[in-house]
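In the form predicted alone, a lone chain appears below as structure tokens.
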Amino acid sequence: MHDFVYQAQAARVIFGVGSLQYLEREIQLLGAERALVLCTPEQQEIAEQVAELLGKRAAGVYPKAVMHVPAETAAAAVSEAQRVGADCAIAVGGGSTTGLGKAIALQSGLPILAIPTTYAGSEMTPIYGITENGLKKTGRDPRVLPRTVIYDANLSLSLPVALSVTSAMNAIAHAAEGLYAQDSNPVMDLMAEEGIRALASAIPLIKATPHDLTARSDALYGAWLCGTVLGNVGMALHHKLCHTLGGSFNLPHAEVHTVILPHAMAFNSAAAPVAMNKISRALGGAPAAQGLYDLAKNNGAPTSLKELGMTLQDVDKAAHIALQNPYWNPRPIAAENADAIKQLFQHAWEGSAPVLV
């Protein structure tokens, strides 16, 4: 057993089918009177239903959340919250909407209540990301951690199967990296392995029967655990590469995580054997990198960056950006591994099976 520091983060979780019914109670417990409901344009209908549930406590719906939280979008949302006199924000949706809520909390101090409709897991983290001038900058601040999270599987039923699979793979990535994080601890290790197991089991069931509430609930449970891991320990190579591809090339968040994850695990395989064994166990015995690649491919998820719109000419640029200001990683992201990083991007661009490099 290695030495570690564990510090729990305050978060209230309301979990269960139909738990949206407790929304007004949870807003009251926050001491709030006027809630601004945030969403993407695609999820405005759900957001309107949430606002209707709140009645006079709803300050309005702001349906302008987009991927990677552009700085201009964040500033406009803060202005809108001030204009309508909101004293809290409700983020309805996935990582894009939760990210916008966090940006509001960071700049204004308003408390956030999150209602996830995907498996992003970001609702359980104090991590924020804002994209400015083509670069995504991330940070940690306790102010951005949602005070309350309501997990209701009914709200994930409308999530298309393809997005369900990539969203779940995105959540698995949080836990996989948590298992070899520099500041890992045994509590997070337990959550990580169980979170991966729950999601890996739920993915094929959701693909086979999209309206299976038990499978949807299991996926939300796994996302909760994986998001908690991400919120409590540091990020490494995988997240650095995904932040590069998302912020600098505007590639879709969950799909990028899905494509990169097996290749990042292959890169780190020899440097983190204990973590790889736990991932393998959670996947039912398959080798970590190959098992994650097969999980994505067998359930119809994209396996190549070129499918996501990245050009071959961008591979060198992405590798160069990724080597700047690197995150800690069990295998250093440094000049001596520059060729291996480029090779990783090449394999991910092609969509080939992960190779131990």
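Don't overthink the numbering: it's just position in the shown sequence, from 1. Quick caveat: nothing in here was measured; it's all calculated off a predicted structure.
Another form, the form predicted in complex with a small molecule, is not on view; read the next lines as being about it.
- Note on contacts: among Pro146, Gly95, Gly195, Gly247, the single residue with a heavy atom within 4.5 Å of the small molecule in the predicted bound form is Gly95.
- In terms of contact with the small molecule in the predicted bound form, the residue from Thr73, Ser280, Thr125, Ser217 that brings a heavy atom within 4.5 Å is Thr125.
- No member of the trio Ala35, Lys64 and Glu132 reaches the small molecule in the predicted bound form with any non-hydrogen atom inside 4.5 Å.
- Residue heavy atoms within 4.5 Å of the small molecule in the predicted bound form occur in exactly one stretch of 175 to 183, 82 to 90, 113 to 121, 218 to 226, and that stretch is 113 to 121.
- The small molecule is not drawn, but in the predicted bound form it has no heavy atom within 4.5 Å of Asp294.
- Contact annotation: Ser156 falls within 4.5 Å of the small molecule in the predicted bound form, judged by heavy atom distances.
- Taking non-hydrogen atoms only, Ala200 never approaches the small molecule to within 4.5 angstroms in the predicted bound form.
- Within 4.5 Å of any heavy atom of the small molecule in the predicted bound form lies no heavy atom of His238.
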